[in-house]
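Okay, so here's just one chain, in structure tokens, the form predicted alone.
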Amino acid sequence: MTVKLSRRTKAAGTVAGVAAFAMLATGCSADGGSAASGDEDITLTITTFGTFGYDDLYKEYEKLNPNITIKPTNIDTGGNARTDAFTKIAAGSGLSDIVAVEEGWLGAIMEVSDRFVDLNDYGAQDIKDRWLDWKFDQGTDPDGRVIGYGTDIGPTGLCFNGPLFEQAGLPTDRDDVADLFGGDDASWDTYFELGAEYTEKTGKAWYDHSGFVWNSMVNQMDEGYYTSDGDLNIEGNSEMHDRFNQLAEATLNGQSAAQTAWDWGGGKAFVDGSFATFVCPGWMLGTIKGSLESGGGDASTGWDFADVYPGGPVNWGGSFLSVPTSSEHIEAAAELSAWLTDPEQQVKQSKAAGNFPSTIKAEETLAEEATPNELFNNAPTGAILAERAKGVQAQFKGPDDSVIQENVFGPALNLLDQQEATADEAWQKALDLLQELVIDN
């Protein structure tokens, strides 16, 4: 569902006198001088999606702040969370005190940024040095209002299944695997060539489905579905079309397992050898963990994580915590948002969810600790992601970026996965849906 609202739509629930509550977020720690440490009993609601790893942090915050009760809601996917958020924005009510916003639909949130609190009024400038510059800037609207504190970023490595690689005569040591794909010179050409070799030898698929591979390929472009000026950048884009054709050829030659994203047959496809490689932004490690457990797998299933990625560095995803102006507890919600995104908490979040933090100190901590991740053959996933984060450039995301990814290219790529269209027919399908869902909508 796409809800279009004009920029700067006046928020019906704007809380008057916000400035009267203004305070420094540096006072947001739970040791006093804040709404959280006051006498008033407050219930804060927060909506996240996917795997955020916040459950223990909620309990820790409540223990530090006995007057605070946190009521969390977790939505299964970012796409469904987008629909939930924009349905409530359109209705003018129903948003939680804190709303997690995914990078893919941040551009749409920026269209209605005045419905979210300017965290500058709560000390954002005093803590901005926590974050990578580009991450902090992403959460800032064109008027300089900070409407989201970054939770994580999406540097991406390559997950591979060691036993399946061994069956195909490919190396299994993660350093050797990184070399196999080309190390710093890893390319999609090499990735699909190895996929063709693997598919020929085993008769099995190379990747789970086309959509996630496509997302990575688009995110690596200097400009994706939109130019940096905010114009649509698909029709007539020869570079994007070439990449689509490259993926289409591999998929039509059997490299895709045609799995349903976010389900993977109840997680069984991660266990039964349906595919041998998987695109892995940091936050996806937690998703794989949940899927493996759902599918009856564990560390013995053989998934590993290599410090390499076709086409080089890429950022896929990453989220923000925003406070709607409709919140009845803006000050307390801003404090909790600042606390949850503090480097110390981001390290804990990363260990719980497997994602990669957006604050500099937390990233350095994970790199230094290099803690083995048992589920991924003891790979030091945090340290690898720190390496994968080098050279990452944030790509501009337009208002319908996530709609284009899921509802325009999703169905077109599914036609390829199901062997129901040629590359040209699938590309045209995407253009038709772009016209219908974005241009004419």
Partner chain sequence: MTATLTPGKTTPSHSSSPRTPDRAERRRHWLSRLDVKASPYAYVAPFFIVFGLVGLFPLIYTFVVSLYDWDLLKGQGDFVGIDNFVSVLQDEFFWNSLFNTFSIFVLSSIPQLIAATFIAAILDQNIRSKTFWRMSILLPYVVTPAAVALIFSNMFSEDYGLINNMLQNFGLDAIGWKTDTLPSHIAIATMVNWRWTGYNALILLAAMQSVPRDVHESAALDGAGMLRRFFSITLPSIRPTMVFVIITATIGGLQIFVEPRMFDAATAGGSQRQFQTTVLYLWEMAFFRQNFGEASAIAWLLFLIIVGIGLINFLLSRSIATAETKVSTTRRQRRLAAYRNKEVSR
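Only the largest set of C-alpha atoms that superpose within 1.5 Å between the two forms is called the rigid core. Keep in mind that this is a model prediction, so the values were computed, not measured. Positions refer to the first chain, counted from 1.
The form predicted together with its partner chain is left out here; the points below concern that form.
Taken together, the three residues Leu164, Ala178 and Ala379 lack any non-hydrogen atom within 4.5 angstroms of its partner chain in the predicted complex. Only one segment in the set 77-85, 284-292, 344-352, 238-246 has any non-hydrogen atom within 4.5 angstroms of its partner chain in the predicted complex, and it is 77-85. Mapping the unseen interface onto this chain, Ile46 falls outside it, with no heavy atom inside 4.5 Å of its partner chain in the predicted complex.
For Asn373, no non-hydrogen atom is located within 4.5 Å of its partner chain in the predicted complex, even though that partner is not displayed. Using a 4.5 angstroms threshold between heavy atoms, Ala423 stays clear of its partner chain in the predicted complex. Taking the partner from elsewhere, Gly265 is found to have a heavy atom lying within 4.5 Å of its partner chain in the predicted complex. The partner is absent here; in the predicted complex, the one residue of Ile70, Leu415, Leu57, Ala394 having a heavy atom within 4.5 Å of its partner chain is Leu415. Interface residues of 112-149, taken as those with a heavy atom within 4.5 Å of its partner chain in the predicted complex (partner not displayed): Val112, Arg115, in sequence order.
Residue displacement note: Leu95 has its CA displaced by at least 2 Å between this form and the one not shown (rigid core superposed).
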